[in-house]
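Okay, here we've got a single chain as structure tokens, the form predicted on its own, with questions on binding and movement later.
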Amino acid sequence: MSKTISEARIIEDPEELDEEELEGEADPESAPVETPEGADWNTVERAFLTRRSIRKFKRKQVPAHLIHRMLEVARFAPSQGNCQPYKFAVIRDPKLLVEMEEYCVDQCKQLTAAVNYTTYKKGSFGYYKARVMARLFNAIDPNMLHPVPVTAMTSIAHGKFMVFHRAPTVILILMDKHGIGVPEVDIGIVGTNIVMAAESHRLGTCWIGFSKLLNKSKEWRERLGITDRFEVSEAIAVGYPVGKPWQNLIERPTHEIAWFEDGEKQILG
């Protein structure tokens, strides 16, 4: 297993540092970097800008020591009160991954039949029943029936889209339902650490929200060792990507920004 960062010197209290260290003179590499306007993206920035979600992986398994490195980086993700309301389950067994895929596909088929009324003839009983179910599900979970997840769910149900994308490794992020603050935010941060650590090794990753379907099964919760306090929040597929996905250009919308400075407000974007 990789050497942990905790084995190195970590300064928790700035008072432990002498004046030279605080000013960065003892270690020039720790001095602030002066970045002029219009400068090229640095290595860290470029990694974030070129990262892509991967849905096609090579069959080659990722070495276990690289997964350990990713989880070590994850361990140092910030969380509210440093409470780390999560733990991980790493799935690398091919048979288990196939069974997880089959279960999630079956759940998508059932959900599609129940709520996707567009698959039924308008005016039919199936159409009416599905619309009622869709309204019920939407009242319970407004995010679930957004066109994006519904389209993906329908594609999965019809065999046009894979849940885990045949990735050789899947990391389940289990959220502590009793975690302080907003555990979902901490899940997003720790997952980003995993994804970017993988990116540094040119490994491909993809967030998998449909992994939550595993929570519906008592059998799967037992098989994966998920206690009542925890639930699957997200999964991250990890593997060697096919091709060079970082070369693909992805359009991103520009969001409006309210900028407050010197007593004035500007709208940027």
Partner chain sequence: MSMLKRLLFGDFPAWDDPQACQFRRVQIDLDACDGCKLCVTICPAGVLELYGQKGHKKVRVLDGVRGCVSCNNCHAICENQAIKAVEHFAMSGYYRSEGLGEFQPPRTSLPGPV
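Here, rigid core means the biggest group of C-alpha atoms that superpose within 1.5 Å across both forms. Everything quoted here is computed from the prediction, not taken from an experiment. Numbering follows the first chain given and starts at 1.
Omitted from view is the form predicted together with its partner chain, to which the following refers.
Enquirer: Quick one: of 31, 47, 39, 64, which gets a non-hydrogen atom within 4.5 angstroms of its partner chain in the predicted bound form?
Expert: In short, 39.
Enquirer: Quick check for you: of 229 to 237, 213 to 221, 196 to 204, 54 to 62, which stretch puts a non-hydrogen atom within 4.5 Å of its partner chain in the predicted bound form?
Expert: Selected range: 54 to 62.
Enquirer: Does the 4.5 Å heavy atom contact test between residue 147 and its partner chain in the predicted bound form come out positive?
Expert: Yes, contact at 4.5 Å.
Enquirer: Considering non-hydrogen atoms and a 4.5 Å limit, does its partner chain approach residue 82 in the predicted bound form?
Expert: It does not: once its partner chain is placed as it appears in the predicted bound form, residue 82 has no heavy atom within 4.5 Å of it.
Enquirer: Is residue 124 near its partner chain? Define near as a heavy atom within 4.5 Å, in the predicted bound form.
Expert: Flag for residue 124 set to no.
Enquirer: Would you classify residue 136 as touching its partner chain in the predicted bound form, given a 4.5 Å non-hydrogen atom cut-off?
Expert: Yes, residue 136 is a contact residue.
Enquirer: Comparing between the shown form and the other one on the rigid core, is the C-alpha shift at residue 248 2 Å or larger?
Expert: Passes the 2 Å threshold, so yes.
Enquirer: Since the CA distance of residue 248 and residue 161 differs by 3 Å or more in the predicted bound form, is it closer or farther than in the form displayed?
Expert: They are farther apart; the C-alpha distance rises by 3 Å or more in the predicted bound form.
Enquirer: If the CA atoms of residue 39 and residue 248 move by 3 Å or more in the predicted bound form, do they move toward each other or away, so closer or farther than here?
Expert: Closer together, which means the C-alphas of residue 39 and residue 248 are at least 3 Å nearer in the predicted bound form.
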